[in-house]
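A single chain comes next, written as C-alpha cells; it is the form predicted alone.
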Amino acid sequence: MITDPLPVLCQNTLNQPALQGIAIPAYERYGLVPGVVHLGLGAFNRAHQALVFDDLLASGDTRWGVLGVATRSQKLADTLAAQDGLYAVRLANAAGTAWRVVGALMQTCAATRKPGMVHAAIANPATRWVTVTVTEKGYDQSLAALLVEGLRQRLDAGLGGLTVASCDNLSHNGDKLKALCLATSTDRVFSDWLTRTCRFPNSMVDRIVPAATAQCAEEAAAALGVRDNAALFSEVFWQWVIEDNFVAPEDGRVISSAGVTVVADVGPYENAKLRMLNGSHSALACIGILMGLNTVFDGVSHPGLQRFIRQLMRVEVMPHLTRPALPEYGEALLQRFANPEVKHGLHQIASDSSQKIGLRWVPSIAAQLQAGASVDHHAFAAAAWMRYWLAEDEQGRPYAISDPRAAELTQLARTHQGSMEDMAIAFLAVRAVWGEALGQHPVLKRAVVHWLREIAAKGTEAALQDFLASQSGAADGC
C-alpha cells in the first residue's frame, strides 16, 4: 500500500485536522506589506524576534510583518518561501512542550542572489525597522554595504530614517553597527542624514535555540500532520531588552506590550547575559567536549561540571555585574541548562570560540585580576579550551572545529602538544583573543599552565575533581 506523503506546511494547509489545537497565526496574512527587514535569517531570529512580531500582528498592529533576508544561505530562504514563510517552533520547559506556527515572516530572499531586492526593501516607504541577527564575525563590510546601500536609497527617495535594531550577542551592538555603517560611507551628506534620522538601539537578546536538525522536522511532522522543513526547537523562556532609542518614540510602548523590556541602559543586562549565560556555555562546551559529552543538558547533568559552572558564576563573574537579582538569575540559568527538551549541542556553542571568549571570559578575568581575586575557574576553562584545539576528545574521537582561526589554532596546539607549558604560553599570546596584556599576566599564566598540565596528565574528569577539591571554600550557591 502506497501512503501519500504529508502535505507541506503553507498557507493552504493551515486547515489540516492535525493542526487543530496548535497555535497558528490568528490574523489575515494575505496582502500584508512587511514593515521590518531582517538581516540574518537563522534559527535564533525565527524563534525569538519573529514571535514578538507575530504577537504584535495578532494584536491587530499590521506594521510588523517581516521580510527575512538570508545573508549567506540561499537554501533556507527558498525552503521558507516554499512554505509561504510559515514554520513551527516547539517550545519546551519542565512543564512540557507546545508547538506554535509562526506567521510573521511574509517574504524571504537571499542577499547573495538578489541584493537589489534587499536594498529596495530597506528603501520601501512601508519599512519602519531593520533588525539584524548575525554572529560576532558577521559584523563585516558585506553587512554594512548591504545596509548602507538600502539606507542611501531611502535618502535619495526623500524618506526618513529607520530604527536599526541589532539582536545578537555582540556587546554594544547598536553602537558598533552604527559606527560600521558610518565607516563604510565617505559621503558626508549620507553620514549626516544617517546620524540625524536613524536610530541604532543597543539590545540584549536571550533564548536558547539549538541548530535545526532532522529531528525537528520529524517531530513537527508527527505533531502537526504536515511537513515542515524549517521547524525549530526552543525553550519557553525568552528575553529581549532594548534601549529606548527609536525613530518613532511610541515603538517602545508598542513592543513592551508584547513582552519586550525597554530600558535606558542595556549594559547591566547585556553584561550579565554575555558573562553568565554565554560565558558558562563556552566553559561547558570546552570542558564537556573533552569528556565526550554532547549537549548542555549532558554537561549540567554531570554533578562536578554543574558545581564548577555554579562556582564560576558566583565567584568570578557576579562580583562585577550590576543586573538586578543576580543570584536568582544564575540559578535560573542552571535550570534552563537542565532542560532535557532543549538539545543544545556543545560543538555548536564551541564554534567561533576564538571570537567569543574575548567577550565572554576576558572582562571577568580582567576584573578579578584587578581586584586581586581568584581566576582559577576561568583558568581551568581556558586550559580546556586550549586542549580542545587538538580536535579529538579524550576517547580519541576526532571532531571538526568551525572557527575562522581553525587552521592557525589547530596547528598551534599540535606544534606544542609535547609541552603543556609551551602550549599555554603560545595560546595566551594570541592577542586577538586575550588582548594586549591579559594573556601575559603572571597569575593567569601560572594557573592556566597548571591546569593544562593536569588535564593532559590525568584527563579532564579527574582534573575537574581535583579542581573542585582545591576550591572547597568556594561558594556553591548562586
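Sequential numbering from 1, following the sequence displayed. On a predicted model such as this, the values are computed, not experimentally measured, just so you know.
The following text describes the form predicted in complex with ligand CS2, which does not appear among the structures shown.
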Exercise for the section: Identify, from the list N169, T131, Q83, T108, the residue with a heavy atom within 4.5 Å of ligand CS2 in the model of the complex. Expected result: N169
Completion exercise
The one residue among R154, R387, H378, K273 placing a heavy atom within 4.5 Å of ligand CS2 in the model of the complex is K273
Practice task
Indicate whether ligand CS2 has at least one heavy atom within 4.5 Å of a heavy atom of V205 in the model of the complex.
Solution key: yes
Exercise for the section: Decide whether H119 counts as a contact residue for ligand CS2 in the model of the complex under a heavy atom distance cut-off of 4.5 Å. Expected result: no
Exercise for the section: May I ask you to check whether I349 falls inside a 4.5 Å heavy atom distance of ligand CS2 in the model of the complex? Expected result: yes
Problem - Distance check, L277 to ligand CS2 in the model of the complex, heavy atom within 4.5 Å - result: yes
Handout entry: Which of 303-311, 354-362, 85-93, 183-191 lines the interface with ligand CS2 in the model of the complex (heavy atom within 4.5 Å)
Key = 354-362
Problem - Residues of stretch 46-79 in contact with ligand CS2 in the model of the complex (4.5 Å, non-hydrogen atom) - result: none
